[in-house]
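In the form predicted alone, a lone chain appears below as C-alpha cells.
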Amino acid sequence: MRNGVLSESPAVRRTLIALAVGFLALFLVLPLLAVFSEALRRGFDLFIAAFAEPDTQAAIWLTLLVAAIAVPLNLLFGISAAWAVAKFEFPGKSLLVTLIDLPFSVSPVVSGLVFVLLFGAKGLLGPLVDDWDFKIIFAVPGIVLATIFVTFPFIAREVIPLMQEQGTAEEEAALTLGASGLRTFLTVTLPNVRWALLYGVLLCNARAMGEFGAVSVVSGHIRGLTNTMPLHVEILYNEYNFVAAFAVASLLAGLALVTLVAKSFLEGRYGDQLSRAHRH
C-alpha cells in the first residue's frame, strides 16, 4: 500500500474496472435501454397515446398523491426520531432504533398482509372501521399506510448518524445564550443536517413511487381507483398491451434516473458529510 492506496498492477485494475462496467451494463443499462426502446418501438404517437388513457392518468395521479402524503409524514417522523435518538437518553431507545430498521428486514408483501390482518373485513380492527364507514383496505388510505411503513426508515436512517456525530455542544451553547428549543432546532440543528435530510427525502420518494409488494396486497387492483403506476404496468403487461406497459414503465424509469442524478449531485458536493453518516 502506497499513500493509503492499493498499488495493484495495471492489468488487475483494468480487469476490475471492466468487471464493474460490464456488471452495470448488463444489470442496469441494458434493462433501461430495453424499457425505453420497447416503449417507443411502435412510434412516438402510440407512446404519447398510452398516457392519454384514463386508467393510466389515474395511476399516475394516485402515485403522486401517495408520495405527496407519505414523504412529508416520513420527513416529520424522521426528524423527530433522529432528534430523540441522537440528542436524548431515554428508556426504550434501543428498541426505537430497532423498530426504525424493521421495514428493512420484513418483506413488503408481509408488510401489506399485516395491514390486511389489521383493517380487513375480518381483521382485528375491521369491524370498528366498518362501524365508522371508513374504508382502508382496497382503498387509498391502505395504500398510503403501506407506503409509509415501507419507506419510514429512509429519512431517519440518514439523519440519525449525522446528528449523533455532531453531538449536543452547539445546541447547548444556543440554549445558554437564550435561544428557545424551537429556535435552536431551526437555526442550529436543522442546517447541520439539511443535506443528509434531502438525501433521505430523495430515497424515500423514489421508494414511495416505485413500491409494488406492499401496495399490491392492500390495493385490490381496482383499475382507475387503487392502481399505482407499478401495479398498472403489471396489469397492462398481463393484458399484452406491451407499448402502454413499457410507456408507463419508462416514466417510472425516468423518475428513477432523475432521483439518481440528484443523489449523485448530493454525493459529489456533500459526500464527506454523507459518508460520515453512512459510516456510523
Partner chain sequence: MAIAIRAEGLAKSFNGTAAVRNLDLEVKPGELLALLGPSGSGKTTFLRLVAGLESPTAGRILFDNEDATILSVRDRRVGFVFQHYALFRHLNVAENIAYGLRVRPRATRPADAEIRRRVADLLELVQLAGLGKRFPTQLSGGQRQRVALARALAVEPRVLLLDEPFGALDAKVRRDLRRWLREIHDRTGHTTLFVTHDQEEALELADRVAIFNLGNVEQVGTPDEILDHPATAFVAGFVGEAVRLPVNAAGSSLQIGPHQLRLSCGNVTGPAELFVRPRDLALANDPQPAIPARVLAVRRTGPARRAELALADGLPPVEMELPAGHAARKGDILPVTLVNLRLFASR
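Positions refer to the first chain, counted from 1. Since we're looking at a predicted model, the values are computed, not measured.
From this point on, the text means the form predicted in complex with its partner chain, which you will not see here.
Remark: of stretches 128-136, 145-153, 190-198, 101-109, the one touching its partner chain in the predicted bound form is 190-198 (heavy atom within 4.5 Å). Within 4.5 Å of some heavy atom of its partner chain in the predicted bound form lies at least one heavy atom of A179. In the predicted bound form, L73 stays away from its partner chain, with no heavy atom inside 4.5 Å. Contact check for A174: a heavy atom falls within 4.5 Å of its partner chain in the predicted bound form. When its partner chain is considered in the predicted bound form, K93 lies well away from it, no heavy atom lying within 4.5 Å. Residues Q166, A169 and R183 are all found to lie within 4.5 Å of its partner chain in the predicted bound form, as judged by heavy atom distances.
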